[in-house]
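Given as structure tokens, the chain that follows is alone and in the form predicted alone.
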Amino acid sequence: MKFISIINRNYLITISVLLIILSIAAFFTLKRTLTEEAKEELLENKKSIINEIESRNNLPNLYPTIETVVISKSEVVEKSIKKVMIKDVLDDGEEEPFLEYKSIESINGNYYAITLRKSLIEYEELLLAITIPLLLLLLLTFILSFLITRRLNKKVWNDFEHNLAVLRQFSFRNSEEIKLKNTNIQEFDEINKSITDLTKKLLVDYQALKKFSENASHEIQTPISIISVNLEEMLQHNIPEQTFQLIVNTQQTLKRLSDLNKNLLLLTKIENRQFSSDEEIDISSYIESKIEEFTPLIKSKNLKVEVTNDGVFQVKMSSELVDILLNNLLSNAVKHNSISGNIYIEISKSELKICNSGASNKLTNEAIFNRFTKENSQSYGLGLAIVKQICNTHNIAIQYRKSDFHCFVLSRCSGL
């Protein structure tokens, strides 16, 4: 979950809890306030009734709000105030809530039981009339606050999202320094500065290592060539059979070393984008000529080759790299095939699929393209790494799939 989503979720939970608590608190506070006001009104009414009895000796009675009766001294009880339900005989006879106040007063030598009641319906209506708008107002305030806060947060995080996208697209192979947007937020800008400084250092180290690898490959090729020439010259002399065999074995090992060096140099050139890629090439048109080149090897293993052409698979790539790409894929299909096996090549507008029969292996789509990954001890495991590098630098997706056949599927990346 994104950080801003967590913030919004926590904010919603917080304001929801606060809204519930505040609503309950407001309701009971208002209810208590109105109840206290009703009590005060009853006490004021009691003073008026006492004054009426003292001055006029009149017993006010008005059911159900006022009841005044004369009682004996033995009937004197304590004062009380409580909520009661009373039928309103003057209305529809339904029970209604009243706040009842009972008091025993001694006036002019007599005891009077004064019962005063205050209808709570109007107070409850007033309570609802105040609580509901207040609740809606609080709800509206929180909603507006959430929307405004979310918009402000989104604006704050826009620069962060932009920098994150720049980081995702950054590659040392482009030889360009990373450029992050200034956010005007101290913490983000400090992170940006650290990332920028780190990538600058890594970029310098990467360029130095790449240059060293390229130079080393060039320099190694010269002594390899000299050693090869010297070995060839030694074979022209009359030498013992044992020495002759040692020289031949040395030549074979030297050739493998030379091939390894050339492949490493080729990988470096591809990574450095030293091949022109302005040419639109139909890869499928190269398939037939490549199969002809491999005919001797195909016949030696009695392989059956089947090509299905349902479209033109075009890429923007140099013809030299196309040749290397197909050469490595077909070489892999022949080399790792079984005797009297099959090679299927399917061509369409969207993809190129090269499949071959052969023994099962433990390699996965993630591992098979790694450098020096190999099942065969006679291979250096660079052929498919070169294929992968060519595809990566020319916006071609490549996948390895295996079931009954081992398949390499090339397809153009989306947006091309």
Partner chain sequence: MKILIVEDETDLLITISNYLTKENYICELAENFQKAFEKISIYEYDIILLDITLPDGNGIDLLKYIKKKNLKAGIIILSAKSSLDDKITGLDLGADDYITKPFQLSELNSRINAVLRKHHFDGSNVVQFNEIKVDTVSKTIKVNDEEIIVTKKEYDMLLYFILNKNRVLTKEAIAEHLWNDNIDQADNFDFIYTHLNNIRRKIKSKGGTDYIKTIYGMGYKFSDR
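Residue numbers count along the first chain shown, from 1. None of these values were measured; they are calculated from a predicted model. If you superpose the two forms and keep the largest set of C-alpha atoms that fall within 1.5 Å, you have the rigid core.
Here the subject shifts to the form predicted together with the partner chain, a form of this protein not shown in this document.
(request) Flag residue 224 as yes or no: does it have a non-hydrogen atom within 4.5 angstroms of any non-hydrogen atom of the partner chain in the model of the complex? (result) Yes, residue 224 sits close enough to the partner chain in the model of the complex that at least one of its heavy atoms falls within 4.5 Å.
(message) So in the model of the complex, is the partner chain close enough to residue 262 to count as touching (4.5 Å, heavy atoms)?
(response) Within the cut-off, so yes.
(request) May I ask you to check whether residue 282 falls inside a 4.5 Å heavy atom distance of the partner chain in the model of the complex? (result) So residue 282 does not count as contacting the partner chain.
(request) Answer for residue 255 alone: is it within 4.5 Å of the partner chain in the model of the complex, judged on heavy atom distances? (result) Taking the distances in the model of the complex, the answer for residue 255 is yes, it comes within 4.5 Å of the partner chain.
(request) Work out which of the listed stretches, 133 to 141, 305 to 313, 342 to 350, 234 to 242, brings a heavy atom within 4.5 angstroms of the partner chain in the model of the complex. (result) Heavy atoms within 4.5 Å of the partner chain in the model of the complex occur in 234 to 242.
(message) Just to be sure I understand the contacts: of 320, 197, 78, 187, which is the one whose heavy atoms reach within 4.5 angstroms of the partner chain in the model of the complex?
(response) Of the listed residues, the single hit is 320.
(request) Have a look at 297, 166, 128, 107 for me and say which one sits with a heavy atom within 4.5 Å of the partner chain in the model of the complex. (result) Only one option qualifies, and that one is 297.
(message) After core superposition, I'd like to know whether residue 115 moves between the shown form and the other one (criterion: C-alpha shift of 2 angstroms or more).
(response) Shift at residue 115: below 2 Å after core fit.
(message) Please state whether residue 106 has a C-alpha shift of 2 Å or more between the shown form and the other one, with the rigid core used for the fit.
(response) No; that C-alpha moves by less than 2 Å between the shown form and the other one.
(request) Tell me, please, whether between the shown form and the other one the C-alpha of residue 335 is shifted by 2 Å or more, with the rigid core used for superposition. (result) After core superposition, the C-alpha of residue 335 moves 2 Å or more between the shown form and the other one.
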